[in-house]
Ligand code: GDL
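Here's a solo chain for you in structure tokens, the form predicted alone.
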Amino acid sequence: MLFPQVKKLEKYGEYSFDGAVSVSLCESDIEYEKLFDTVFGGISSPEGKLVISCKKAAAEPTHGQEEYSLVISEKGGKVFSEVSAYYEEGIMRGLQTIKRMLLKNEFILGNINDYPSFKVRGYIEGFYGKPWKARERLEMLSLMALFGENTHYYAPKDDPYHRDKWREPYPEKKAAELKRLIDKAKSLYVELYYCIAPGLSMKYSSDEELQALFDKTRQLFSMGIKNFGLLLDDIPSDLFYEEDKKRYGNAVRAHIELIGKYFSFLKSLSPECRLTVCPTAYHGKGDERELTGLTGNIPSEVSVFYTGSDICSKEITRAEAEYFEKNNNRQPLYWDNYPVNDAEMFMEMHIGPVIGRDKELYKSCEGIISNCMEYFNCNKFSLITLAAYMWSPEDYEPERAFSEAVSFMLPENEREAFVLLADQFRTSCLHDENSRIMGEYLSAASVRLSTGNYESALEILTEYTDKINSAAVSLSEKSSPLYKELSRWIKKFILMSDILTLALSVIKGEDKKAGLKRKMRKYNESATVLTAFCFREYIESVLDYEN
């Protein structure tokens, strides 16, 4: 099964290899060889079982520069795949599709024509908390490119050179790390935006301050960055300096001048430079005076971040996007605050498929940039589902996307335990159905108990409790970076497992209510968010249960 879903498929078979697979490239010019090496360099061989050829399509695409076609066939135990596209971006997306098939060892034989629905598809390291490590950023770039994303915004709130020390150039070591990220993004055809956030301390009326911003930008431009973000979010809405108050009167006017001068400066560096702005008023209906006053007075080429009706929006609809465009003279670029879990959400863990995004949203917005969590490895599951939605929203199925993400990220022997844990993580701004699997088991058992079918209810509860106990044991033995990030939630999951075991004993007539009460008190005292109300409701009913 192809994932994300492709736009057009003529399928006549499937094929899987036995054993390890090497890859070879034939009939391609030197530019395509570079793309091939970027995607398959570590597993390429002159005599590969997977033989890839690349060629330029005869006509320009009708669906943008990332459109590509694949012809895949099998002969003599080898798979032959021809990628054709007019632009190199399309060749790259086609190669990544082949790589996804290779990683799953599931090759679709036939003809594919594919292209993304959303023009801009990406993620932003824009959370409050410990920034990712340099190697993690490189890893995330590769993963998101694998699933078809084409944009990355660098904006970690706690990188001092992004926010607090915005005037200061990057020191040599940090600059080298950033340069590796820039080069990696370029090789993957991912647009990298460097965001700077001067609003907490900048004196807008000062020529020296403006020059400091220009000098910092020159350093970044010299490293290869042509895309920039000017973030004016999460700052006071009132001006601080008396000179600014006298000159501008309010922050909106100060920001208008800053954006205009900064945009002109970027264009003086290169006509190819692009700018995205996050305004101070970045959520709501889209007709707020502070927002429209800004967007009505800045260049129309400047992209504007917008989170939707709320900071963390449960739903984002095409109608809302159209209303934003009507009032702001441009389509919104969504800063989607999922799966981020900073600020008041820091006790939650957001691992689950994105939901609540309109299937036709791509028709009325620039794109979507997903804000990530501090927990680097935990992000991957949700971000893969977001990538699948953005590539093909009209065919997007949340639960299938999450299942595919789990299968890509985890070995088969880890998946069941992880899914049972992740079942407790659907609490978020999306208001998904938390503890869905648990709820189904407990609801089925409750119905049987209420109708006097004790044995059947006991079978259901025993089955689920055994599953949770097995998962708890498995998770307690894991020590990889993913499970270290999840340690706080795993600890509470193990406690939940103990509680379910005691509850089952009580139902069986054993005198375990006192122990169950103690464990449940400990569970409730923990602020770590886990499980839906169905769990507490079940334990309360067990404590009231009379055999």
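Note that the structure is a prediction, hence the values are computed from the model and not measured. Don't overthink the numbering: it's just position in the shown sequence, from 1.
There is another form of the same protein, the form predicted in complex with the ligand; it is not shown, and what comes next is about it.
A.B. asks: Would residue 101 sit within 4.5 Å of the ligand in the model of the complex, counting heavy atoms only?
C.D. replies: Residue 101: no, not in contact with the ligand in the model of the complex.
A.B. asks: Within 4.5 Å, heavy atoms only: does residue 371 come near the ligand in the model of the complex?
C.D. replies: Output for residue 371 is yes: heavy atoms within 4.5 Å of the ligand.
A.B. asks: Can you check whether residue 388 is within 4.5 Å of the ligand in the model of the complex, heavy atom basis?
C.D. replies: No - in the model of the complex, heavy atoms of residue 388 and the ligand never come within 4.5 Å of each other.
A.B. asks: Is residue 454 near the ligand? Define near as a heavy atom within 4.5 Å, in the model of the complex.
C.D. replies: Residue 454 lies outside the contact set for the ligand.
A.B. asks: Want to guess which of 175-183, 341-349, 205-213, 112-120 is within 4.5 Å of the ligand in the model of the complex, heavy atoms only?
C.D. replies: It is 341-349 that comes within 4.5 Å of the partner.
A.B. asks: Only one of 234, 287, 440, 164 gets a heavy atom within 4.5 Å of the ligand in the model of the complex. Which one?
C.D. replies: Here the answer is residue option 234.
A.B. asks: Let me know the one among 96, 292, 307, 317 whose heavy atoms come within 4.5 Å of the ligand in the model of the complex, would you?
C.D. replies: The residue from 96, 292, 307, 317 that makes the contact is 307.
A.B. asks: Give, in sequence order, every residue of 138-166 that has a heavy atom within 4.5 Å of the ligand in the model of the complex, or say none if there are no such residues.
C.D. replies: The stretch 138-166, when checked against the ligand in the model of the complex, contributes only 157 at the 4.5 Å heavy-atom cut-off.
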